[in-house]
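The form predicted alone is given below as one chain in structure tokens.
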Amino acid sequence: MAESLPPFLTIKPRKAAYRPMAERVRDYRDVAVPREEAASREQASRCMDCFLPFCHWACPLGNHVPNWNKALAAGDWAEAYRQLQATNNLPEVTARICPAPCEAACVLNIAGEPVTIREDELAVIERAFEAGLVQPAPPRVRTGKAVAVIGSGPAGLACADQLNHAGHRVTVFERDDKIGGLLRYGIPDFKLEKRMLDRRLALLEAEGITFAPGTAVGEAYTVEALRKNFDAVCLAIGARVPRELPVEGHTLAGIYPAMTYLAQSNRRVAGERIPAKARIDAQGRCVVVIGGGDTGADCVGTAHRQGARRVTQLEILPRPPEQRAPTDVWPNYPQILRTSTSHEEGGQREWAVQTTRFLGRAGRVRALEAVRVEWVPPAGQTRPAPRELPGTAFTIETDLVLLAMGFVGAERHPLLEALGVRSDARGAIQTDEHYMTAIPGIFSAGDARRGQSLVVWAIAEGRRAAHYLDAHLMGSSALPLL
């Protein structure tokens, strides 16, 4: 009798399903539709359990993808969860917002049909919560050491979680009035509902972590108190300084950094009242988003939900190809065109466009002028740069501009100055290979140290910093580096 074909040859990949566009643009709930159990198990069965799992290699966390896919396919949810949480402190977050470099590196992606790793991950963690598999597990023994983690984004939370499991008393300081950092104020609810974050925070608190929101370390909470009360510190303050666009008219009213807009929107969705004069609202406006990355896409989706009259997104880089270029080889993350759920909801995308100036009336932006560019290496150089194409200048009417062009580093606020922590030319906090700054006992992790990057990288940074910080306090560490 002939052997049956393996599932990856007989079962087609089934990507995430989304709520109808006409429905989802009316609210801020998750755009995705949960996948039923049978489909999750079937999709997980497509994993080939490779001898050399490139998915594992591509993930900054080194997630045990084949292991938890195998358990999921067998219906062993407890084992799937055990494998998943072994390397990831926030799987409910990465399963929703990570761009999944693991899928790009899946061997099946050579044929363009990778395992649906991110959706499988989401199935595992949500089933684990539903089945009561996720329970507080405070450490049995405390070391007597106290650690301060400053910043409550993904790097800070991952670092705090690891250090708490090592037995240290951990306090997480956050200057905003709620814990979560980028996860709470930078990512719209239609991608990450905040009840998912609050569920995780309640678990961390039950395990013994102390949260101190609304506390600006270096200001109201002095550096002297920090040094007195804690044996070590991890700076996970992110990279919040936005890249500016210093062209004529950039100071006009109606031009905002993307994160200012997104944070305020998230506060409004959470029920906070924003004074009318301070409100940034896209309702009835012609919105231009400058920057083609994920943050720009989040602005597009938010503007749709606020009732924008028109949304245009500008990107200075050329339009990526639909398929991998010959030089863009597997298993590297492909540089191809990506269309998010926000783009599917409407709006116009323009590529290879450079904004040259903003035009205003009565102190408020009313239009912008731009020109199309081509990317060519300047004379004597090999790296391409934008060059204006003569005769391509054009004007776009706009009364709300959102700058989503990335970030240039951590703020140089009083805390860093008081600690004597140095930054490099990119604005990132300088550390050695063990994540420690030049000040003994002061560590850093996440975007503040690495520069702006993915949430999955922030979690990985937090875990690694925790390992080295633990070793600094105890002489050695049993915490994993991955």
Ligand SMILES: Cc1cc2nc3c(=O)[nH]c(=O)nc-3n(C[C@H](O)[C@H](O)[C@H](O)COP(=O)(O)OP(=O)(O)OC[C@H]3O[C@@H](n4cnc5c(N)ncnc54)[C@H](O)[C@@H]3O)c2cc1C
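All figures in this text were calculated on a predicted structure; none of them were measured in a lab. Residue numbers run from 1 along the displayed sequence.
Keep in mind the form predicted together with the ligand is missing from the figure; the text below concerns it.
Although the partner is absent from the chain shown here, none of 161, 436 and 469 has a heavy atom within 4.5 Å of the ligand in the model of the complex. None of 163 to 171, 304 to 312, 380 to 388, 179 to 187 except one has non-hydrogen atoms within 4.5 angstroms of the ligand in the model of the complex; the exception is 179 to 187. The ligand in the model of the complex comes within 4.5 Å of a heavy atom belonging to residue 453. The closest non-hydrogen atom of residue 127 lies beyond 4.5 Å of the ligand in the model of the complex. The closest non-hydrogen atom of residue 81 lies beyond 4.5 Å of the ligand in the model of the complex. Proximity of residue 216 to the ligand in the model of the complex: non-hydrogen atoms within 4.5 Å are present. Checking 349, 285, 200, 191 against the ligand in the model of the complex, a heavy atom within 4.5 Å turns up for just one residue: 191.
For the options 259, 365, 73, 373, the residue carrying a heavy atom within 4.5 angstroms of the ligand in the model of the complex is 259. Residues 150, 151, 152, 153, 154, 155, 156 are the ones in 139 to 166 with at least one heavy atom within 4.5 Å of the ligand in the model of the complex, listed in sequence order.
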